[in-house]
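In structure tokens, one chain follows: the form predicted on its own.
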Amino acid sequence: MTLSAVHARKRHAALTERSRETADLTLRLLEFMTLEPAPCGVTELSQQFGTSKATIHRHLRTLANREFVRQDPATLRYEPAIKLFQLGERLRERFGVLGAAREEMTRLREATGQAVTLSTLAEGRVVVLELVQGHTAVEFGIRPGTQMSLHASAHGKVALAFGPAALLERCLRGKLASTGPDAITDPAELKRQVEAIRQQGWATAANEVLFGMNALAAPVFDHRGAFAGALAIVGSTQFIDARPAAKQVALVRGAAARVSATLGWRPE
């Protein structure tokens, strides 16, 4: 290889690395601003990401030109623009279970008075797709996109029981962190609970995410009989006991079964 070819290869490698770093910073900026409750200034973002204000400004202008962020003319601060919201809504609609579940979620809320949540598996993670607030005084701040613990949430344990076998195997190999006062941290106990959930067809998680709160979840299946997600009611342990009422179990399982039927699932 000639000396000029060596230099050309090094230049190409350097440009590729700079492009990767540029793309990485742009995506991290977008993620940070989306999660922040208020618009962000260039100085604030510069300090957050440890880079110059000129660099931050250049990235923001690129995002603004593509309409992913907007700048407030009065404060000169930046925030996510409507285009990002529209793309997020389109992405949510690609999960077929969401469209199939919306009507049943409202019915389940009316029948139980409790908040109703819908989740699915995305890249081995349990992600909330939708929340319908209940008729109780408690309002939940769970947002679409919230990730639920596999071992310490009703949604997660339903996914472990009815989802891919590799999901449970991976969970058991990792550390079971204590997310709440009654969260499972013993692999043997988790395995026992998952087997019980397979047999009974539903899961709870009293005091596992927050003290005094519980959820009752049942699985949703697609036309192939594969796990498509979970439907749950969420509320105070005052209203959803650790061993829930038979009527609540029947309502949640019935709603999940009807969503599954909409997706084309037919039980054997």
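Residues carry their position along the shown sequence, with the first being 1. C-alpha atoms forming the largest set that superposes within 1.5 Å between two forms make up the rigid core. These figures come from a predicted structure and were not determined experimentally.
There is also a form predicted together with the DNA; it is not shown, and the following applies to it.
Does any heavy atom of Y78 come within 4.5 Å of a heavy atom of the DNA in the model of the complex? Yes, contact at 4.5 Å.
Against the DNA in the model of the complex, would K53 count as a contact residue? Criterion: heavy atoms within 4.5 Å. Contact check for K53: yes, within 4.5 Å of the DNA in the model of the complex.
With the partner left out of view, is Q193 within 4.5 angstroms of the DNA in the model of the complex by any non-hydrogen atom? No, no contact at 4.5 Å.
Although the partner isn't part of this model, could you tell me whether Q71 comes within 4.5 Å of the DNA in the model of the complex, counting any heavy atom of the residue? Residue-level check for Q71: yes, a contact with the DNA.
Within 4.5 Å, heavy atoms only, which of R243, R66, R224, H57 is in contact with the DNA in the model of the complex? None of the other options qualify; the answer is H57.
Would you point out which of 232-240, 34-42, 195-203, 211-219 contains residues with a non-hydrogen atom within 4.5 Å of the DNA in the model of the complex? In the other structure, the partner sits against 34-42.
Within 4.5 Å of the DNA in the model of the complex: residues from 112-151 (heavy atom criterion): Result: empty, none.
Look at Y78 and decide if its Cα position differs by 2 Å or more between the shown form and the other one after superposing on the rigid core. Y78: C-alpha displaced by 2 Å or more between the shown form and the other one.
Return yes or no for Q200: a CA shift of at least 2 Å between the shown form and the other one, with the rigid core superposed? Moves: no, less than 2 Å.
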